[in-house]
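Read the single chain below, which is given as structure tokens and is the form predicted alone.
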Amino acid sequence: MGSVNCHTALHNNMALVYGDLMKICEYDCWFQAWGTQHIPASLVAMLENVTIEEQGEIMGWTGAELRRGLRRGFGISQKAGPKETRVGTIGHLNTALNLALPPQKPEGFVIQVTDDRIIIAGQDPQGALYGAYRLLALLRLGGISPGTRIAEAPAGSHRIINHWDNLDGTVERGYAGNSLFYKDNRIDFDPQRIEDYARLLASVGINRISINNANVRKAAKKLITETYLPDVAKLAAIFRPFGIRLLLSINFASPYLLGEVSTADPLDPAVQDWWKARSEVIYRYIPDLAGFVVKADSEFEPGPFQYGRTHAQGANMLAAALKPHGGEVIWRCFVYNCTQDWRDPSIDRAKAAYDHFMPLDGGFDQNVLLQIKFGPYDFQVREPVSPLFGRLSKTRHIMELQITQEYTGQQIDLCYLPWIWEDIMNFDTAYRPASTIRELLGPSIEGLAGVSNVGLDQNWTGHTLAQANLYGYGRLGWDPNLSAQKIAEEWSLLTFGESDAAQTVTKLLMKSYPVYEGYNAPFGVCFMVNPGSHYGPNPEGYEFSKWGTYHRADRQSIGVDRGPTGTGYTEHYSPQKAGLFRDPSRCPEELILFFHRLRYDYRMKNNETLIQNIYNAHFEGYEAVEAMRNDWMGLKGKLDETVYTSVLSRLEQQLENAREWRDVINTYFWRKTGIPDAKGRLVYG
């Protein structure tokens, strides 16, 4: 059954029957139809009688989504009976049913199951919606039975998806087809497709979405005009009942780009008045707009620097315009000198965000949030966590992750990102007790923003298994204590059911990131890719460009000295972490070439030389991809043929990619150093 037909069948409430072959619908992601074979009859009787206790758009939609999910996912239709499911807010249900459910954080919920009743109680309507989706997932995962009591609330208040979609329909760093929202410089979308997308996002707790590229340049200034706002409002109306508020990426120079003011100086009263008036127009169309996303003074985007103003002055001007409407400014910290002289070793792009924003801590208005990339570079395969986290204490901020696989295989190579995100969550900033990123998420870091990996491809993400990254991002933003293993198991079971496929897919996901790192750029080496596309090996692709210098390899040594005698980057961290990173004998080896310049004969912890470890990682990475491909081939005949063939073709391409990375990188280092592979695997020529 092809994915389009399967999607149609599910909309027509056709239950899928599983025999030896398992059918999955790529379009439906983790909302597969499983039937009631694993649900006790007593629970089915409760689920057949759903009552929504309260009115309102989100609460009404919660009832519709729960009934829809029960019908499509399990074939459970509604009828009257003595057993029931009651859905409402905690305050209302406690009064109406004489319960004593504890209050939760905003958007949190309680699920309580007795012998004859299921309660889904949200702290607010949005919490009830999330509770309904969690119940549907747990019914598939086997986590619901009489006596169950679950209380959950999101760690962070902001759980954002950033789209880098362009008005012409292309997607910057998009690897799953064209934009869901735009075509030929106009807003053009399929309402059913957008509703299905909103459902996927809400089911994992996403509550905000920016719908256009942060690299707005000149074209996207039009989105905040009345030519486009009516259609933007239609998109907002689709996302709204799912509890998802729109954000718009804006161009800081819009006042003069639209020809209405001669400047964009944030301290000019005419500019301030222009943004206030423009905001009033925008909010007439979208009263619940969450705010603006701004990329300024970065990679040729205009900003306050051109007027001698600070980022705080620029952000606060916009914040003042949005404040009467309850809007926020999400100000990206991806600011660095992108016209560097590679000959100057004192320039260190890694220091840029800290140097720009740490001195401004406390200078931003309360409705400004800094959006900080998790690392100091640009979503590299391995880089340290930005030192701004844990250090900023007076400024609201969120962490930016990249779901789309710009430097991690571009949704051709399998690369399960929650594996590295768990590592990020475990990072201890060491400024105070309870100072890991997962502990700071909520109290200090107010949430996550993730760059979308979604496009118009029928399976949403290009690579079917890349759906796990979108699912994992949502789950981790909701609960940063979840392990990558747990998330992989959840997604695999929800998508493939209890089967050999689910077990194999979980295994492949968990292997994939270290395998990719091994054949790509191990030990913290960054940007060994083709400029522009950022795909495929090019050991010196960026080494002599204006964008920066990243490994400085010569015939004797490689890496960047970022200690006190080098660029000084290590000193941005807490004393404990700085001491760790300064010392090559203590520095985590996966980051050692990020922080240190080492000779190729440096002995690593396995007592082999650095160069031999580089050779080994690339050979072993290729062999591991071959094993992954073979594991997938073992599922032939156990999967829908469309899914099997699609994923196999990606794994075959990944094997070729791994071969190219192995041969190009290892040959580069052999020619650079003249040091042979001790195991005799290199073909010299």
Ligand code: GCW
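Note that the structure is predicted; figures quoted are calculated from it, not measured. A residue's number is simply how far along the shown sequence it sits, counting from 1.
Below, we refer to the form predicted in complex with this ligand, which is not included among the displayed structures.
Student: Can you tell me if residue 407 lies within 4.5 angstroms of this ligand in the predicted complex, counting non-hydrogen atoms only?
Tutor: Flag for residue 407 set to yes.
Student: At the 4.5 Å heavy atom threshold, is residue 400 in contact with this ligand in the predicted complex?
Tutor: Contact check for residue 400: yes, within 4.5 Å of this ligand in the predicted complex.
Student: Looking at the partner-bound form in the predicted complex, is residue 332 within 4.5 Å of this ligand by any heavy atom?
Tutor: Yes, residue 332 lies within 4.5 Å of this ligand in the predicted complex.
Student: Does this ligand get within 4.5 angstroms of any non-hydrogen atom of residue 365 in the predicted complex?
Tutor: Residue 365: no, not in contact with this ligand in the predicted complex.
Student: Of 461 to 469, 292 to 300, 110 to 118, 149 to 157, which is the one stretch near this ligand in the predicted complex, taking non-hydrogen atoms within 4.5 angstroms as near?
Tutor: The contacting stretch is 292 to 300.
Student: Just give me the single entry in 172, 601, 355, 554 that has a non-hydrogen atom within 4.5 angstroms of this ligand in the predicted complex.
Tutor: In short, 172.
Student: Name the residue from 309, 323, 534, 486 that puts a heavy atom within 4.5 Å of this ligand in the predicted complex.
Tutor: When this ligand is considered in the predicted complex, the option within 4.5 Å is 534.
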